[in-house]
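In structure tokens, the next block holds one chain alone, the form predicted alone.
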Amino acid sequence: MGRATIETFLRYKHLLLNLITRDLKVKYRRSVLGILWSFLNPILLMLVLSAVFSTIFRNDVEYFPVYLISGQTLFGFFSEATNGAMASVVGSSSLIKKVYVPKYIFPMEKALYAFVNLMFSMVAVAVIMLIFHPPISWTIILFPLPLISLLMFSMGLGMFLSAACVFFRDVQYLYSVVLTAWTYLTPLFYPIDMLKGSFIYTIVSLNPLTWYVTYFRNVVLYGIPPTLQQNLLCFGAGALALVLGTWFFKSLQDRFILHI
């Protein structure tokens, strides 16, 4: 992201905020509970999955409900951010055709909107921690670090998907299949150690979502300080995805108008 890109972003920051506010209002417009669903949804999903998997892994994962909700909340953010970003340019075609707006604003806004929802969902994580009271360590104050790195990774992938979707609409269907596989290849409801000795363990270990979920659980649930290698790996993956995604998006954006 060059200086010109940053200056353009600052110039249109008010539009970005307005789009995020609009999406929040639209999502909860006809909902009785409104924004509380961002808090209730991860808890209800955690209850369902806990009922199924807590019996299977009760001896393998301590504080399983906290383990489960922490993983599913981060993956839920990733899914919402990338899916929203993927359809953002095509979905904003009428506005793009009428006025000049930096096109990367649209996938960026979807990722930031999902991040706002993630912050509400963090309340649900805190509530479950209060109920099951795992040991609290000073490392919990580091919880924003994996979230920021994951935001960068999600935004970068979202940029790539949004540009690809303009030219090849089937990307959205292919990505739904990829995302389903990605769910099971991320240790959300099972301990990664149970895969040791198998080829799947290598795949899961190389999965960036595994890095972010593990980092978050370590500092929030287990009180394990992050290593320098862990910080470099998570932040580096996020920064690389953002740089490559932005480059790919900007290299194609001048041709968007011909396909939306």
Partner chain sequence: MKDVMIDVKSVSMRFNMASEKVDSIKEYMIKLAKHQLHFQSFSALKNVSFQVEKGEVFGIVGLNGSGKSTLLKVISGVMKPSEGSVKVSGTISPLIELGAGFDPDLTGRENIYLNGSLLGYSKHFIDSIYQDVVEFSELQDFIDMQIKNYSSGMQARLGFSIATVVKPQVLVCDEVLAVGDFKFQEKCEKRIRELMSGDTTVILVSHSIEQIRRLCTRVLWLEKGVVREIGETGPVCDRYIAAS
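Numbering follows the first chain given and starts at 1. Source: prediction; values computed, not measured.
The form predicted in complex with the partner chain is left out here; the points below concern that form.
### Query
Considering the partner chain in the model of the complex, which of V26, L232, I203, L44 comes within 4.5 Å of it through any heavy atom?
If I apply the 4.5 Å criterion carefully, the residue I get is V26.
### Query
Hey, in the model of the complex, does L185 get a heavy atom within 4.5 angstroms of the partner chain?
Judged by the heavy-atom cut-off of 4.5 Å, L185 is well away from the partner chain in the model of the complex.
### Contact test in the model of the complex: L242 vs the partner chain, heavy atoms, 4.5 Å
Result no; L242 lies far from the partner chain in the model of the complex.
### Task
Look up in the model of the complex whether H133 has a non-hydrogen atom within 4.5 angstroms of the partner chain, and give yes or no.
No, H133 sits far enough from the partner chain in the model of the complex that none of its heavy atoms falls within 4.5 Å.
### Message
Taking the partner chain as it sits in the model of the complex, is T180 in contact with it (heavy atom to heavy atom, 4.5 Å or less)?
### Response
No, no contact at 4.5 Å.
### Query
Does every residue of Y63, Y190 and A237 put a non-hydrogen atom within 4.5 angstroms of the partner chain in the model of the complex?
So, no: the whole triplet misses the partner chain.
#### Entry: in the model of the complex, segment of 74 to 82, 163 to 171, 147 to 155, 113 to 121 with a heavy atom within 4.5 Å of the partner chain
Result for this chain: 163 to 171.
### Task
Taking only heavy atoms into account, state which residues of 79 to 100 are within 4.5 Å of the partner chain in the model of the complex, ordered by sequence.
Contacts from 79 to 100: S94, L95, I96, K97, K98, V99, Y100.
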